[in-house]
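Read the single chain below, which is given as structure tokens and is the form predicted alone.
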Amino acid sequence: MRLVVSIGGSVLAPELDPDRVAAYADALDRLAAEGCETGAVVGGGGVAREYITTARELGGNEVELDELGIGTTRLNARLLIAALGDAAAPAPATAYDEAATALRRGEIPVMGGMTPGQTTDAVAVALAEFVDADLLVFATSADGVYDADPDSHRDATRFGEVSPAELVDVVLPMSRDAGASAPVDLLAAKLIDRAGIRAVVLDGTDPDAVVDAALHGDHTGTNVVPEGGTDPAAWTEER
């Protein structure tokens, strides 16, 4: 199975905890040991937000702020690469074909941000489409996709399954609300819809959850299933 894991910066390195980074490296190693060709995309998290906030107060423009965020995601990617050791490509991939080449070599490519105005959510979707991944797992600080922002709506309901088009419809109003936090950003949702990618959105606080979801389809998050889509072959073979 070919797999892309999008790891939120607030999940991988909320406080630059080496044990958390090592646990994610172990999870990716376990996936590789089970025969998964795995690529990872890492977000910036709180560290990136601190840099961006400070730079904005200093008068930085939005492209400059985005470049700071991209730089931070690539630093986080280097932390994960350091933890993976020889299992990973030696430096963060800065192009999709570079990541695909690393996959063909049997390495785990790790990416950060790519382009101003584009989040690492969107990078992960683009990578999944580029390498024709069987599954994309979003390891986030949320436990799935809700019909409203659960931080501000106590009665918000989590979806067990949505189509890519439904994901866009759910994320769109959240993207308009100041301070709202969608589990997947709008551009990423639109790219999933365009490409018809099979995805899972889950709470990635425990890296084991990513392993269980990828290998067996076991998770408590939200499945994103394209129309006519099927489970990855590895799940079907188990049954």
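On a predicted model such as this, the values are computed, not experimentally measured, just so you know. The first residue of the shown sequence is 1; numbering continues from there.
This next part talks about the form predicted together with a small molecule, which is not shown.
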item: Contact label in the model of the complex: Ser10 to the small molecule, heavy atom within 4.5 Å; value: yes
item: Non-hydrogen atom contact Thr101 with the small molecule in the model of the complex at 4.5 angstroms; value: no
item: is_contact(Ser163, the small molecule) in the model of the complex, heavy atom dist at most 4.5 Å; value: no
item: Thr115: touches the small molecule in the model of the complex, heavy atom cutoff 4.5 angstroms; value: yes
item: Partner-proximal stretch of 63-71, 188-196, 31-39, 203-211 relative to the small molecule in the model of the complex, 4.5 angstroms, heavy atom; value: 63-71
item: In the model of the complex, the residue from Ala142, Val123, Leu136, Ile81 that sits within 4.5 Å of the small molecule by heavy atoms; value: Val123
